[in-house]
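Okay, here we've got a single chain as structure tokens, the form predicted on its own, with questions on binding and movement later.
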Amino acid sequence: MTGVTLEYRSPAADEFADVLRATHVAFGEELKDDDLERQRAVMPLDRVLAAWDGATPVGVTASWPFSELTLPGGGTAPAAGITWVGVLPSHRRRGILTELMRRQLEDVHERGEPLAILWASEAPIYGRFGYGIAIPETSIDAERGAFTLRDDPGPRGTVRLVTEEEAFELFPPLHERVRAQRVGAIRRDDDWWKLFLLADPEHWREGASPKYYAYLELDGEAAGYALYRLKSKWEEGTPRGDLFVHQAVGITPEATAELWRYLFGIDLVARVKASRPDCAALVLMVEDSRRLHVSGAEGVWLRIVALEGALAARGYNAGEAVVLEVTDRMFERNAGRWRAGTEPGRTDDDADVALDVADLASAYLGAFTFEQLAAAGRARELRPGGLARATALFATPLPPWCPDAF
């Protein structure tokens, strides 16, 4: 393997299948024909980057062009959704991933996207490339029979099951209403809805039912939706099925409660399981949150690609501006002193807080306070009160939430 020269470039159209197949090999998966066509229809070739050993792709990364990521203060910014990252087992430990990440982030910067986001296959991978934990993920594996809403006034509204085609008409406007208010959510275009969120190829089911589309109305008005599957199971003649919730989105707290009432009321189910539910609301809505069996992981990682643009794009709470002394081992353009708050940008003023760009990413959407970063040894206070002032500026009313995997 020594002495082999690798080429880094985007694939031609007739090389796309080989590149996507290489990603699946890296993950030990089989590429299905319909998944190939689905990805071919929506992934721009120039956003795919591969490492080539001769005519063979041996490492891959790609990025979705998410046009709007909701930021604190009600603004949005374009973000690159990093995906397909993998290196063939035969070519690991040769610096291929590092080179792919460096080239990809430079490309994202040239496209004018100040942020990159991703879900990591393994937690230790991306911190060395300047990514920080930005949207912690929660999951539930709840006991259906123990579900009771606190101070329950009784059911309201109506839920009906709709077709995939009806869901495409009814659900996107509801998501947009929630997305505009919730930091961390992304704008979904029509292809994302049709080809990924609502699509239901049989090999995605893993032995469970077809996907069901539930639509909630309150007082005759659209109020929420849920996507879920059932997996039948019987033990000694007793139904012990699992219900897998892919998304449950209500536009008000009442709508959210009614959706969960509906999901926990489905018969023949013992466990209700969900990845990425909005647990910030759910755990306080129920009588016995312990029986939800909430677990957590690091969730979405964020890379601040262009710090100047990122600081300007988000809003801040009222208060005194702070100066951040930022380090960035990959990109010198992000290093130095930056003012956050009023008139964000470069400054020569004395710094209040020192931290790495990856740790600033953890505070950028409001997931962590600067005091939490300091307690973990990830930030240093340089002037008295600097940590508290930074937290006050960056704080968000609700924790960030991204219901979409990519």
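What you see is a predicted model, and the numbers here were worked out from it, not measured in a lab. Residue numbers run from 1 along the displayed sequence.
One more form of this protein, predicted together with a small molecule, exists but is not displayed; see below.
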Q: Would you point out which of 172-180, 199-207, 284-292, 116-124 contains residues with a non-hydrogen atom within 4.5 Å of the small molecule in the predicted complex?
A: 116-124
Q.
Going by heavy atom distances of 4.5 angstroms or less, which of R93, R333, R150, R160 would be at the interface with the small molecule in the predicted complex?
A. R93
Q: Note which of V85, A274, I135, A226 lies within 4.5 Å of the small molecule in the predicted complex, where distance is taken over heavy atoms; exactly one does.
A: V85
Q. Might H109 be said to contact the small molecule in the predicted complex, defining contact as any heavy atom within 4.5 Å?
A. no
Q. Does at least one non-hydrogen atom of T238 fall within 4.5 angstroms of the small molecule in the predicted complex?
A. no
(Q) Is L263 near the small molecule? Define near as a heavy atom within 4.5 Å, in the predicted complex. (A) no
(Q) Is A26 near the small molecule? Define near as a heavy atom within 4.5 Å, in the predicted complex. (A) yes
